[in-house]
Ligand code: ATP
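Here we start with a single chain on its own, the form predicted on its own, put down as structure tokens.
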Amino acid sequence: MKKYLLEILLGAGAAGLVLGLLAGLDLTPLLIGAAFAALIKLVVDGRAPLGRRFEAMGGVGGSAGSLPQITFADVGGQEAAKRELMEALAFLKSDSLSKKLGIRPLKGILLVGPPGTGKTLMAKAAANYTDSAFISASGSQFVEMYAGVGAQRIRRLFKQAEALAQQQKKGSCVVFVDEIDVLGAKRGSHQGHMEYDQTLNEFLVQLDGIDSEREIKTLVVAATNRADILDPALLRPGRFDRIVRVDLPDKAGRLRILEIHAQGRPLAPEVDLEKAAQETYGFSGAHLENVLNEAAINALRRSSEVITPADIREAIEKVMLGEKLDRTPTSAERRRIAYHEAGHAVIAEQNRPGAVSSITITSRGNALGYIRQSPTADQYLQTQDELVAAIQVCVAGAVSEELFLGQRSTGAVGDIRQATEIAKQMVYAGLSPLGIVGAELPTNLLHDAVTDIIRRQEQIVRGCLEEHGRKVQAVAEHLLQHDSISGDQFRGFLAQLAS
């Protein structure tokens, strides 16, 4: 009946327009108004050419066009986060027991952590774990210049989630919102643009409207790396009830991630993934996946059928520092770079044997040359001696240039900046001669303390390099001939000089 009524109205409207034209009426205002109304409708629906089309991505399930099946076994390096998330999902897995215990179902779970740590993977795994439909959107998809568009898209997202669950014959759905800080920032922070606040208000209304008595149960999972800017109304109990930290993986976690991504890749027998995990401190899961991908690309360049340790070492350095550059320093500059890096390496090895992973004078990224150090273990605290040793490594390059080439160069700017930051850290941690200081330390006192710390370490480094000058010169000359040297080769080279 509605279909026929619409056809009758359209026909009557078209007939009225024809009669008006025949009668000589000016229908321009009516046509402009109708076109404007149609344009507004298309914008709200996300189909206008000047507005972005709103398309949520969904389909964890057996339906056509579904997302790849991802389980918690595919998420490595986040054991604590996975346990906490699975506990929060128990109400969807054991609905009858949850009701018997009087558990209030969770409405929202917020995943917080640095980029590339697996937050999106965990949301997809949560949908698979609970046998739920999965639909996702990004926070930026709800931000438009037209009033009301964002709020309307929020409503549509939740309707689409329920419709998808019904289509896939599932009793629950997971709505994943990535980068929620875009739409969930503190209200009032967007001066002169209330559309952001209206969109957030609608999102809060939809969260409050989630009812455990509905036929389709809904769980909202959101991800952000800027939890500090979220509106407090989002984080209160009853909305995002559980906040799960998804941090950078530790060594065991990195090893597990490398093992997951190494599946299906032909690794040479001598490849040691545990050593690669040790050398990639601070890498996220995305970085580690990229390391193995770049290693495979290196093998392809060499027309090799297997990935070797050299490929992985090259890939780690590329991910850390960037691609090799075509810079061609003069012979004098190459010599200066070689002595600079040799000074770094000798001091690093003196302070912590086995620290140096590789040394090179080949330009990569912003560096004309570099040494790469690998930690013996993941560290979350540093002692005064360890901070002092780090400063010594920083200043060793400039001191080496001065000792063996007569003067320093601008190549030490980055090193000095890093040494200054470490010295400031010592001051504010109460590890300087000033003792415990407040956050409002006068600038002149801070400058004097930092300068004093760095100058003391320069004197110590100078004495050490004078004592081991023969080693520095030999390593520098070797670098001038071969451009780079691995950590094991470097230590073997030093052992030969000592014998």
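We number the residues from 1 along the sequence you see. This one's a predicted model, so the numbers in the text were calculated from it and none came from an experiment.
One more form of this protein exists, namely the form predicted together with the named molecule; it is left out here, but the text below deals with it.
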Query raised in the report: Might G118 be said to contact the named molecule in the model of the complex, defining contact as any heavy atom within 4.5 Å?
Result: yes
Report task. Using a 4.5 Å heavy atom cut-off, state whether S400 contacts the named molecule in the model of the complex. Result -> no
Query raised in the report: Wondering, does Q78 line up within 4.5 Å of the named molecule in the model of the complex on heavy atoms?
Result: yes
**Report entry** Touches the named molecule in the model of the complex: E333 (any heavy atom, 4.5 Å)
**Finding:** no
Query raised in the report: Among H261, K170, K318, R408, which has any heavy atom within 4.5 Å of the named molecule in the model of the complex?
Result: H261
Report summary line: Heavy atom within 4.5 Å of the named molecule in the model of the complex, from candidates V182, A286, V427, A151, belongs to A286
Query raised in the report: in the model of the complex, which of the stretches 340-348, 236-244, 109-117, 378-386 has residues with heavy atoms within 4.5 Å of the named molecule?
Result: 109-117
